[in-house]
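One chain comes next, on its own, written as structure tokens: the form predicted on its own.
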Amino acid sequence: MNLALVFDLLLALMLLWSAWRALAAPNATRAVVMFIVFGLFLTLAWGRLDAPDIALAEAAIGAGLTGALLLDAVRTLGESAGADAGGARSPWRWPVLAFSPLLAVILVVAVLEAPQQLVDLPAVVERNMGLSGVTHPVTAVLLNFRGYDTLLEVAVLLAALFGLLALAQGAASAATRESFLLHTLARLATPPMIVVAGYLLWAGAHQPGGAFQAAAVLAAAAVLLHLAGLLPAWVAPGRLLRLGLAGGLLVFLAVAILPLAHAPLLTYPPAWAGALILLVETALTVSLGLVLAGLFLFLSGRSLRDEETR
């Protein structure tokens, strides 16, 4: 038994353990912490499966931003339903725990009995890489061969933020309380995070990276600045912020419609494919960064207003 196999077995066990602890935690705070731990182990698992793009997204969004959103929700709602607060546990807790292994077995059976693909998709992607405008297959699939899906994903994220904005209206709120240690950390960490985001955007054309990963890093920087008290919570977006939020989707739609006079929707001219994909990814990086940050900052603004009215 080699060292790599031992590591993979331990990683699989830690995934199962952290998932179980997240489900069986006696209160919401511990559950969220274990969810973040599970996300970090899952990041390592995607890396071991040679899927660095998914690993980057999981680390930034799955474990990072989602964990921050859940912790903020726990802070806002409190622990009134948890065992540590003296309340009764939810009656759905044990049925959910019992159903989870059954769902895992169903998923394993479905994967093992899935029909064999009639088309060798990796080979098809490889044959058409010369027409994609980029040299990294994941970027080629997301923004060229499967551009419709990505366009709709961006629209769904923006629609989710619009729904949040409909609930988070009111007067402006102040930043969180000041902390010298957090101030220093945020000021030191934010510039490198912006540089990393720019690198991920540039690198996406030929290696793991791209708009979604870069946007997640930018959003994480905004959340860090807010938690440090350097960036106030958002309430009502002004004209410039609205343009930034919707700009990525508008640029994507414009590029998609551009070839309609002589080709189907979202068909890049081969000579311009690389430049157009870079334009779309740059616009998406800014917009998705604002959208992902807004999901936290708008909710934070609403929770602060709720506290003020109590």
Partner chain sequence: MTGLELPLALFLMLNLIAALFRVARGPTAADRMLAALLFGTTGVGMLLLLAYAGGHPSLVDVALVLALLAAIAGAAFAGRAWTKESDDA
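Only a predicted model underlies this, so the values are computations on that prediction, with no experimental measurement involved. Positions refer to the first chain, counted from 1.
Quick note: we don't show the form predicted in complex with the partner chain, though the next part is all about it.
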Practice task
Decide if the three candidate residues G238, A261 and G274 all line the partner chain in the model of the complex, where lining means a heavy atom within 4.5 Å.
Solution key: no
Problem - 4.5 Å heavy atom contact, L243 to the partner chain in the model of the complex - result: no
Problem - Close approach of V33 to the partner chain in the model of the complex, 4.5 Å, heavy atom - result: yes
Exercise for the section: Would you check, heavy atoms only and a 4.5 Å threshold, whether L40 touches the partner chain in the model of the complex? Expected result: yes
Handout entry: in the model of the complex, V255 touching the partner chain (heavy atom, 4.5 Å)
Key = no
Fill in the blank from the handout: With the partner omitted here, the residue among L266, L278, V251, A55 that in the model of the complex has a heavy atom within 4.5 Å of the partner chain is A55
Fill in the blank from the handout: When the partner chain is considered in the model of the complex, the residues of 217 to 232 having a heavy atom within 4.5 Å of it are V217, A220, V223, L224, H226, L227
